[in-house]
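Just one chain follows, in the form predicted alone, and it is written as structure tokens.
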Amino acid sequence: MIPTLTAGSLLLRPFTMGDAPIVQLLVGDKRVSRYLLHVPYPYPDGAAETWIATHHKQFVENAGVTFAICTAVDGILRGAIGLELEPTQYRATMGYWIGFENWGRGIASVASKAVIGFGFDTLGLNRIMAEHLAANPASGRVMVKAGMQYEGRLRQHVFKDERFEDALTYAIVRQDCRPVNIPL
């Protein structure tokens, strides 16, 4: 079962089918979807339900984990964050989105730190990477605040909205945030 995490004023929990209308509304906003690597605009009806339906199987098969980002005080869905796992390599790719009305509030930074900690401490990962479109520097700032380091630009890496876009990559490895114990 997908766990629930607490991070400051946030609650990261499994999605339910009851979240689908809010997902549709938040991701269906062009201001949000234009920066998402794998989300089309317009966001098709039924896509939220289809996406949510994949989460349990993905987790059970050790392929990934996806969390609904909610404010703890009122339970309101603010966005999503997850890890796409490559367990044989002890690594994952992190992705997230936040509803437009919640941009600039630090939600993605707090959620990212919590998910990175979960990846290292609970899942035993060694490396977590993320990428964002070059046109979205705010996402890069989130990654840096979460402790990730810039690793490079992937030129014309993503085909989005009928054009090729550069993607910028960031990563963090376990030793960046945990003391390394070297036996004497």
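For clarity, every value in this text was computed on a predicted model and none was experimentally measured. All residue numbers refer to positions in the sequence shown, first residue = 1.
Just so it is clear, the following notes concern the form predicted in complex with a small molecule, a form of the same protein that is not shown.
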Inset, instruction - Could you tell me which stretch in 114-122, 51-59, 130-138, 148-156 has residues with non-hydrogen atoms within 4.5 Å of the small molecule in the predicted bound form? - result: 130-138
Inset, instruction - Flag Val65 as yes or no: does it have a non-hydrogen atom within 4.5 angstroms of any non-hydrogen atom of the small molecule in the predicted bound form? - result: no
Inset, instruction - Check whether Ile81 has any heavy atom within 4.5 Å of a heavy atom of the small molecule in the predicted bound form, and answer yes or no. - result: no
Inset, instruction - Give a yes/no on whether Ile107 approaches the small molecule to within 4.5 Å in the predicted bound form, heavy atoms considered. - result: yes
Inset, instruction - Would you please decide whether Tyr35 lies within 4.5 angstroms of the small molecule in the predicted bound form, comparing each non-hydrogen atom pair? - result: yes
